[in-house]
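Just one chain is shown here, as structure tokens, and it is the form predicted alone.
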Amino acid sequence: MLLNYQAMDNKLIVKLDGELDHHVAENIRIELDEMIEKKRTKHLIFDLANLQFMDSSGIGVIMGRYKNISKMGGKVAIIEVPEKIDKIFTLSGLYRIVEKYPNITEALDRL
């Protein structure tokens, strides 16, 4: 699993590349929380274009960051969701708390 970050104002864009499963979830949580604090992030955008697999641990990573960000008055968004992962998010109910946008431009405009 590779993570790439891009900070813009009070927004942090996180690009996930690879597989987000129970093998890497804890390390990803720690790394994301450190980056959110370091960049003083209010809004978080996950770019999933290159995410190949996600299990329930990955959903936990996103939900945990949502919980932390929302406590600070911010929002979490997801962009470029692969079809297989979109189905997982729909079934899990994740879209009830996290907004999905087709691309980064739209997500940045709405947050």
Partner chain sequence: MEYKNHMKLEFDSKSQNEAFARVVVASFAAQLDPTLEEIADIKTAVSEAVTNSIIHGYEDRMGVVKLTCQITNNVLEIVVEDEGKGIDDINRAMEPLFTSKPELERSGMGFTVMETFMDEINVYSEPGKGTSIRMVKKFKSLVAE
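As the structure is a computational prediction, the values presented were derived from the model and not from experiment. Positions refer to the first chain, counted from 1.
Not on display, but discussed next: the form predicted together with its partner chain.
Is Ser57 near its partner chain? Define near as a heavy atom within 4.5 Å, in the predicted complex.
Answer yes; at least one heavy atom of Ser57 falls within 4.5 Å of its partner chain in the predicted complex.
With heavy atoms only and a cut-off of 4.5 Å, decide whether Glu99 touches its partner chain in the predicted complex.
Contact with its partner chain, no.
Interface membership of Gly64, its partner chain in the predicted complex, 4.5 Å heavy atom rule
Judged by the heavy-atom cut-off of 4.5 Å, Gly64 is in contact with its partner chain in the predicted complex.
Proximity of Asn10 to its partner chain in the predicted complex, heavy atoms at 4.5 Å
Although its partner chain is absent here, Asn10 would stay clear of it in the predicted complex, with no heavy atoms inside 4.5 Å.
Judged by heavy atom distances of 4.5 Å or less, which residues of 71 to 110 approach its partner chain in the predicted complex?
The stretch 71 to 110, when checked against its partner chain in the predicted complex, contributes Lys84, Lys87, Ile88, Leu91, Ser92 at the 4.5 Å heavy-atom cut-off.
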